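Let's start with one chain on its own, the form predicted on its own, as structure tokens.
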């Protein structure tokens, strides 16, 4: 959570900064951060004013003092973060653990006081539904490096290669076809053999249930593709077996990186 807070502390992170962040965290946290920065927010736990009330009660802060503080710090998420004293030791809470705690007042309060103030503010924005930070686009020229989640739709065992797609409305739009070089490739091919839905020459269509993380060096327009783009230097970096296909950000989220 602290690394994510540091990433977004100065506003919308550039793709280079996000790529460096992903290199430091695990696949779970990287995927969770990508979803957040592509606009897929968690369900709001409570309005910011309610979060502030919870924290005021937990810290025995009287109402008149809250009212006075709001005149100086009208941001309720920030004020709620400042009411707790600094934690006695550095927090090791990950972003995925923090998001998992957004289920009740008790779970929220059990975690929020263990975070340093800057991380508390970001956590409060996530809990209160006011987190709006998104990945910044490249400033000029070719689009810069990034990552995205995508859904496996076809496998060519002879490559081995795979086709990946992204949600677009009520359908999946092909995004790219990439060579499979992961250590889990034999297991993936075995899964594909056991789950063939249809055959088109060497291609094997599979159920759209498996999610992968892709990295790329850039995004370029291509009107001939249904997606409207090409991934430059695309590669498969991990099999995100903990991510459901329904949680993959849509094509529009990836396109937003080049606008």
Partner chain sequence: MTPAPLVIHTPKGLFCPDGDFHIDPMGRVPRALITHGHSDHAARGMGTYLCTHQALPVIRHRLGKMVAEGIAYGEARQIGGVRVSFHPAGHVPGSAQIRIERAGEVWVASGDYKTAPDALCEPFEPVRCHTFLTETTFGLPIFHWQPEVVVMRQIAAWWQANAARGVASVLLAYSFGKAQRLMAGLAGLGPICTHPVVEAVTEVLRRQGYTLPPTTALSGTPPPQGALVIATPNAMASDWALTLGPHQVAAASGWMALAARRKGVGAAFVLSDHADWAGLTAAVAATQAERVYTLHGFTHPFAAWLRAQGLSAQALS
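Numbering follows the first chain given and starts at 1. It should be emphasised that the depicted structure is a prediction, and the values quoted were computed from it without experimental measurement. Here the rigid core means the biggest group of C-alpha atoms that line up within 1.5 Å when the two forms are laid on top of each other.
We do not show the form predicted in complex with its partner chain, though everything after this point is about it.
- The partner is absent here; in the predicted bound form, the one residue of 82, 173, 109, 102 having a heavy atom within 4.5 Å of its partner chain is 82.
- The contact residue chosen from 190, 68, 49, 196 relative to its partner chain in the predicted bound form is 68, the criterion being a non-hydrogen atom within 4.5 angstroms.
- Contact with its partner chain in the predicted bound form, defined as a heavy atom within 4.5 Å, is made by none of 114, 227 and 233.
- Although the partner is absent here, residue 186 is not a contact residue: none of its heavy atoms lies within 4.5 angstroms of its partner chain in the predicted bound form.
- In the predicted bound form, its partner chain sits within 4.5 Å of a heavy atom of residue 213.
- In the predicted bound form, at least one heavy atom of residue 62 sits within 4.5 Å of a heavy atom of its partner chain.
- Interface membership of residue 161, defined by any non-hydrogen atom within 4.5 Å of its partner chain in the predicted bound form, is ruled out.
- For its partner chain in the predicted bound form, the listed stretch (83 to 91, 126 to 134, 174 to 182, 152 to 160) containing residues with heavy atoms inside 4.5 Å is 83 to 91.
- Residue 246 is among the residues whose C-alpha shifts by 2 Å or more between the shown form and the other one once the rigid core is aligned.
- Here residue 195 counts as shifted, since its C-alpha moves by at least 2 Å between the shown form and the other one after the core is aligned.
- Annotation for residue 29: C-alpha shift under 2 angstroms between the shown form and the other one, rigid core superposed.
- Relative to the shown form, the Cα atoms of residue 129 and residue 170 move apart by 3 Å or more in the predicted bound form.
- Compared with the form shown here, the C-alpha atoms of residue 10 and residue 249 sit at least 3 Å closer together in the predicted bound form.
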